[in-house]
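Encoded as structure tokens, the following chain is the form predicted alone, with no partner shown.
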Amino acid sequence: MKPTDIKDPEYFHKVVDCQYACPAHTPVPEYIRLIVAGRYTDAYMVNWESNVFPGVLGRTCDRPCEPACRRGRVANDEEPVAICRLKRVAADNKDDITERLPPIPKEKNGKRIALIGGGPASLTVARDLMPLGYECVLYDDQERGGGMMRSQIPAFRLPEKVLSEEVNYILDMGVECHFGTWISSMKEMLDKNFDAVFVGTGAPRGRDLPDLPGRKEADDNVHIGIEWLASVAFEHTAKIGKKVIVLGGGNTAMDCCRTARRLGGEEVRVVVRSPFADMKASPWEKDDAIAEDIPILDNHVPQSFEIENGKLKGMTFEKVEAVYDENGKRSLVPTGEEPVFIECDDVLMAIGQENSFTWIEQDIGIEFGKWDMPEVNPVTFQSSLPHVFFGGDAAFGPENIITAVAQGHQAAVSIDLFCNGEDVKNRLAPGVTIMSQKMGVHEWVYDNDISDDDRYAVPHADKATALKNMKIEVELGFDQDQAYKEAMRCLNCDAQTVFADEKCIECDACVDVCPTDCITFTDNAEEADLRQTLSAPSNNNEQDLYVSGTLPTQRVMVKDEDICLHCGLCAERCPTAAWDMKKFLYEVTKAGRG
């Protein structure tokens, strides 16, 4: 193998697995260390720079960082650090941050940007462009900002106060807001002569089962999940029948069933086509639903709505089993058992979401492709009409808040470049800082002790009390003591082990002291062979091998990045300081930077 190019910013970025997995590339170990130090406001601002909504995401994020966490692979406890809930700790314990927010120029730059939709993507664009002197004009059909964060996430998961605070940090920058405004024509928007238009309207249409027998007759008691959640959020709906069926296996279905329990549903069941393990809902969302006495019936395919005397009586389902071919493709095969009838008063359908662009005329230059989605460049988020950009669920279909934020950041970069007459594809590389953590021969700036603690459970409110009130937040969050202990489980994966070939005397002291056998001095070979001849075979091809240049004995040093604990013992033991621990900070370029 060729020597590893550690000057490539993406090399060490990939080693910080949590940050690499985060769509917004939040520097996770950096803010966790600040929490350990009790610097909650600093930790919050590190988050705010990247993910914009730390208090919201600390409660509702889909947590792509946690499955990537190295702790779950190398520390024998198989439980990642509670990264998401530590984000909430920073938000819950921060001081007033208004003085830390970027100043907004009184003299504007003359460019006006339309933001259609008031959700996380549009708000992120405004957050990045307002400090640069842009005038941002936001349109949304809801009465308050937040988009799907306000209309689709129940208050018992995301308190209104938390959401409004973080939304208002952005709106208070001077965004011109037109709430309660329905945009019915893109052509009319283009006639307003904005310098750029950003579409962040989400995926506002819930899927239905219009062809299922009895659907039309049952209409009064069948509700589209996201529309029903919005009706509850804006207090237009305050009750539901005692017996409720929720169709669907995603997070929206989990929100629907838990909301139904709080509005009077005594027998609430989730019914899903797929096996339980294949459900799209996050594992913790399923756990929370089950903890509230909501059964999940898997492998049931809806057959019909049953009507009696003109009123919904229940639903009939066909039982199936999942069969997987050699490529892992799943088929749902009927078991041949008798259909299952489930009695109900109401049905909530949470079987998916779709985009709705009926308001965008077909003759204005915006091209549409598969599934009637706009043709959008996945890097620049520019449409075929150069000054119209898309982001969030409106760009590529339903995802999550953190993805919408990440896309909003990149769309803002493009809008800024476009408005300045530059090529939107000419994007700057991310900012990278790498510095030694040495304080002495055997001392480091960071705490390199490895905690043996198992993951700490987040306290919950009393179930009986929580089920009586939509406004009671179920998760209570870590207190400062719990947060400290959980944060100490972080392995500081951004403290990189950096090897200097010219200093190495090949004494193998680092090999002897390494607790995971991740360092090997060996003859070079092709990667597949090299992975199998290391001290511990390296079978995770997703993570790189760190390969040195040729050493005096013609051997090379090979380190398996996958299982390194970043403990620094190699650097402490090395008699020539060939190893050093260097903190690597990776920051995604934002609009106007550089």
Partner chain sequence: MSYINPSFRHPNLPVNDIGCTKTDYEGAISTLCAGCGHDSISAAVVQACFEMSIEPHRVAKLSGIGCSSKTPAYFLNQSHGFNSVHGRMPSVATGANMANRDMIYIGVSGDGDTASIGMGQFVHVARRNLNMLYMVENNGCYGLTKGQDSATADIGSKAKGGVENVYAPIDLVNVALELGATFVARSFSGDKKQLVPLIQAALSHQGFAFIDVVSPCVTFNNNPGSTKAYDYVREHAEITGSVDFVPKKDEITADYEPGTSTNITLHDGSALQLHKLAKDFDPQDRRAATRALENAKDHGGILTGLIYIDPDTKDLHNILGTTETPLRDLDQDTLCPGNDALAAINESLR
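Model, not experiment: these values are computed from the prediction. Positions refer to the first chain, counted from 1.
Beyond the structure shown, there is the form predicted together with its partner chain, which is absent from this document and is the topic of what follows.
Q: Is Val340 one of the residues lying within 4.5 Å of its partner chain in the predicted complex, judged by heavy atom distances?
A: Taking the distances in the predicted complex, the answer for Val340 is no, it never comes within 4.5 Å of its partner chain.
Q: Is Asp452 close enough to its partner chain in the predicted complex to count, meaning some heavy atom within 4.5 Å?
A: Contact with its partner chain, yes.
Q: Hey, in the predicted complex, does Ile224 get a heavy atom within 4.5 angstroms of its partner chain?
A: Judged by the heavy-atom cut-off of 4.5 Å, Ile224 is well away from its partner chain in the predicted complex.
Q: Using the partner position in the predicted complex, report whether Pro515 sits within 4.5 Å of its partner chain, counting heavy atoms only.
A: The answer is yes: Pro515 has a heavy atom within 4.5 Å of its partner chain.
Q: Which one of Ile307, Val74, Leu417, Leu467 is close to its partner chain in the predicted complex, taking close to mean a heavy atom within 4.5 Å?
A: Looking at Ile307, Val74, Leu417, Leu467 one by one, just Val74 meets the 4.5 Å heavy-atom criterion.
Q: Tell me, which of Asp208, Asp293, Glu506, Glu422 has a heavy atom within 4.5 angstroms of its partner chain in the predicted complex?
A: Among Asp208, Asp293, Glu506, Glu422, a heavy atom within 4.5 Å of its partner chain in the predicted complex occurs only for Glu506.
Q: To test your reading of this chain, name the stretch in 516-524, 492-500, 81-89, 267-275 whose heavy atoms come within 4.5 Å of its partner chain in the predicted complex.
A: Residues of 516-524 come within 4.5 Å of the partner.
Q: Is its partner chain in the predicted complex near all of Pro537, Cys567 and Cys574, within 4.5 Å of a heavy atom of each?
A: Every residue of the spot touches its partner chain in the predicted complex.
Q: Can you list, in sequence order, the residues from 338-353 that come within 4.5 Å of its partner chain in the predicted complex, counting heavy atoms only?
A: Heavy-atom contacts to its partner chain in the predicted complex: nothing from 338-353.
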